[in-house]
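Just one chain follows, in the form predicted alone, and it is written as structure tokens.
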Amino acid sequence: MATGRYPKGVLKREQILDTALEVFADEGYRGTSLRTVAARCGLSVAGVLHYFDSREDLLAQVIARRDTIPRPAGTSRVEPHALVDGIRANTDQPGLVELFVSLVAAARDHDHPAHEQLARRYTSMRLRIQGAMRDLQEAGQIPAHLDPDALARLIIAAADGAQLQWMVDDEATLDGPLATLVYDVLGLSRPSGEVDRGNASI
């Protein structure tokens, strides 16, 4: 990757990612999407890819940007309600949901350019959720006998599985399964104003 250790290169790469996020959110990843990103950034397609290891690396970085979840200052933990809010926000970004599902399926192949990037994504997310589960256990908010790692994997599975269903099931919601798991199964308190929509997605 030739981005640059230089400030201008870093800023251009950030601009490309922000633009790609907008384009893919609207269009998904089609043959013309990358050309649209390039045109909006004042570059050629080759110019865009100059800032990334490959086209697949760019796509994986877009997914990483989509996955940015707010968390309390000074901690690497992920609050469960923030996960629910994060996946709910994807409702307005159907193209990114499609991109995510397609990219993960393709990256099952260890030789795929995005495999390592996505594997790191899952490891990082799992460890952050795992830490939050331990905090909740120490606070007495969820049962202490539950395995934090298994809980983290279950939460990720609920989020990812909901995205698969949402793409083909008109009655499914993105946030319903995860909200049901977090608030109804684990028994965590719903934030003020949180509506129980879990049953609509099952």
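If you're wondering where the values come from, they're calculated on a predicted model, not measured in any experiment. Residues carry their position along the shown sequence, with the first being 1. Whichever C-alpha set is largest while still superposing within 1.5 Å between the two forms counts as the rigid core.
In what follows, reference is made to the form predicted in complex with a further copy of the same chain, a form of this protein that is not presented.
| query | Thinking of Ala105, Arg153 and Leu164 as the candidate spot, does a further copy of the same chain come within 4.5 Å of a heavy atom on all of them in the predicted bound form? | reply | Yes, the whole candidate spot contacts a further copy of the same chain.
| task | Answer with one of Leu127, Ala82, Ala89, Val101: the residue that has a non-hydrogen atom within 4.5 Å of a further copy of the same chain in the predicted bound form. | result | After the contact test, the surviving option is Val101.
| Out of Asp147, Asp135, Asp53, Asp67, which one falls within 4.5 Å of a further copy of the same chain in the predicted bound form, going by heavy atoms? | It is Asp147.
| query | Looking at the partner-bound form in the predicted bound form, is Thr19 within 4.5 Å of a further copy of the same chain by any heavy atom? | reply | Answer no; every heavy atom of Thr19 is more than 4.5 Å from a further copy of the same chain in the predicted bound form.
| message | With a cut-off of 4.5 Å between heavy atoms, is Pro94 one of the residues that contacts a further copy of the same chain in the predicted bound form? | response | Looking in the predicted bound form, residue contacts with a further copy of the same chain include Pro94, since a heavy atom lies within 4.5 Å.
| Would Gly28 count as touching a further copy of the same chain in the predicted bound form under a 4.5 Å heavy atom rule? | Within the cut-off, so yes.
| Does the 4.5 Å heavy atom contact test between Glu14 and a further copy of the same chain in the predicted bound form come out positive? | Close contact is absent here: in the predicted bound form, Glu14 is far from a further copy of the same chain, nothing within 4.5 Å, heavy atoms only.
| Contacts with a further copy of the same chain in the predicted bound form - residues in 174 to 189 whose heavy atoms fall within 4.5 Å | The stretch touches the partner through Pro177, Thr180, Leu181, Asp184, Val185, Leu186.
| task | Please check if Ser54 moves between the shown form and the other one, taking a CA shift of 2 Å or more relative to the superposed core as movement. | result | Ser54 C-alpha, core-superposed: shift of 2 Å or more.
| Rigid core superposition, Asp184 Cα moves 2 angstroms or more between the shown form and the other one | No; that C-alpha moves by less than 2 Å between the shown form and the other one.
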